[in-house]
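The chain below stands alone and is given in structure tokens; this is the form predicted on its own.
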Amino acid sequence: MRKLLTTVLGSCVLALSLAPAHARDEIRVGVTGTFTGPAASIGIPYQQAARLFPEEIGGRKVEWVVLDDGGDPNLAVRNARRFTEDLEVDAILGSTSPPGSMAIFDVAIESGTPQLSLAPVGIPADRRTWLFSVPQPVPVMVSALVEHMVANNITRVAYIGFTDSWGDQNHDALLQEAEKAGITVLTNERYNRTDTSVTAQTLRMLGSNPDAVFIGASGTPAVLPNIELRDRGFTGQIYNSHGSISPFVLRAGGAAMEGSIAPTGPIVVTESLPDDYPTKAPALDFLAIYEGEYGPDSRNPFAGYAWDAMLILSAAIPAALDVAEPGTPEFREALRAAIEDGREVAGTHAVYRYTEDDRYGVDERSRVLVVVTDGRYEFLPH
């Protein structure tokens, strides 16, 4: 039976022997995520998956050090500095929100530590050496929605999203993909993750007479525009971002979520995919572990991203161990080089293949469409 990892939350103290910067036997990985606060419904599944990570990789013990950043980019940076300066980790996973992940970039680069972002982020070409993104890039996901719009003769779409980088990423991807498809984006409404009303934004969107609305939000705060639109009598198609895929969202949104469409990684509906789909076997293996621990219907894409990050590290660690010992700059460099060496790693969401020029490592096999039917996500061929 798998043993649980050591977790550090809030002010709890991790009992680790802190050694000076030299080789050690065990591999040490820092994980920071949003396990409390407005985005906790997204972060908690990452934490739950991390509790199931293996104790050993490549014949070496692994210490998974998990810290809560509460969705605060400043706290994410403090966690990252604790990882690199005090704990001398060999890799960083996180954060689980785009603002937190991007805030950590400088720490990863300055310390020469591979960072696998657990949230979709844009990685500047001139800063990418130590940075990798696990979730699918937003344009890959939004393009699936635009394909559905084209197939269903939708030509006018209104947009509402968060007033942060997640809202920006989805809006920018929608503009890019819609222009190519001849679809008009009518609005660019925004709201905060902690807002309790989007009435004014909804009225402006409805006033633009859209065929459909795309909501660039995530977690349970994504529910708010869905409810407002349906309460105001909107009968057109509602699209949500892949950050909204969660049983928490379905429960919070109830009937307002019915018929809404979103892109997601294949893990959510993996049983509906052909047996030769490249992610099906890894996803089924993970779901047996995850749902075995947390119960039927506990699956979600966020836990899958955490598991895939672990698989990516697991594939790279043996090659890095051939070069150097954990705890050293040489090991971190070898680990970075092994991640980007072009090998294929089949995960729950994608077949990852990172290279020197590609820090996202996924293609269109990493996304499917789902529609909410009777309170569940169902596979929607497109």
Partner chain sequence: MNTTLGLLLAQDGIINGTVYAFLAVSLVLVFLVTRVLLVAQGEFVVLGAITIAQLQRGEAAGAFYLLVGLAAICIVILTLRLWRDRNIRAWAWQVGFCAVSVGVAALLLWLAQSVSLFALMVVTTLAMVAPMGPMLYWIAFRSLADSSILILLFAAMSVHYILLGLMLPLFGPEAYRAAPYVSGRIDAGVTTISAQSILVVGVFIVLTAALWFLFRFTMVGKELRAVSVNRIGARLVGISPDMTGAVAFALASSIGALAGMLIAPMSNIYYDSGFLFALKGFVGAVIGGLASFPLAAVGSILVGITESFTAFYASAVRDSIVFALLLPVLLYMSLRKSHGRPEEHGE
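Residue numbers count along the first chain shown, from 1. Everything numeric in this text was worked out from a predicted model, so none of it was measured.
We do not show the form predicted together with the partner chain, though everything after this point is about it.
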Mind telling me which stretch in 80-88, 147-155, 294-302, 188-196 gets its heavy atoms within 4.5 Å of the partner chain in the predicted bound form? 188-196
Contact residue in the predicted bound form, chosen from 163, 74, 176, 209 - any heavy atom within 4.5 Å of the partner chain: 163
Which one, 237, 220, 272, 143, lies within 4.5 Å of the partner chain in the predicted bound form by heavy atoms? 220
Looking at the partner-bound form in the predicted bound form, is residue 203 within 4.5 Å of the partner chain by any heavy atom? yes
Using a 4.5 angstroms cut-off on non-hydrogen atoms, would residue 37 count as touching the partner chain in the predicted bound form? yes
With a 4.5 Å heavy atom cut-off, would you call residue 123 a contact of the partner chain in the predicted bound form? no
Contact test in the predicted bound form: residue 41 vs the partner chain, heavy atoms, 4.5 Å: yes
Within 4.5 Å of the partner chain in the predicted bound form: residues from 224-239 (heavy atom criterion): 224, 227, 232
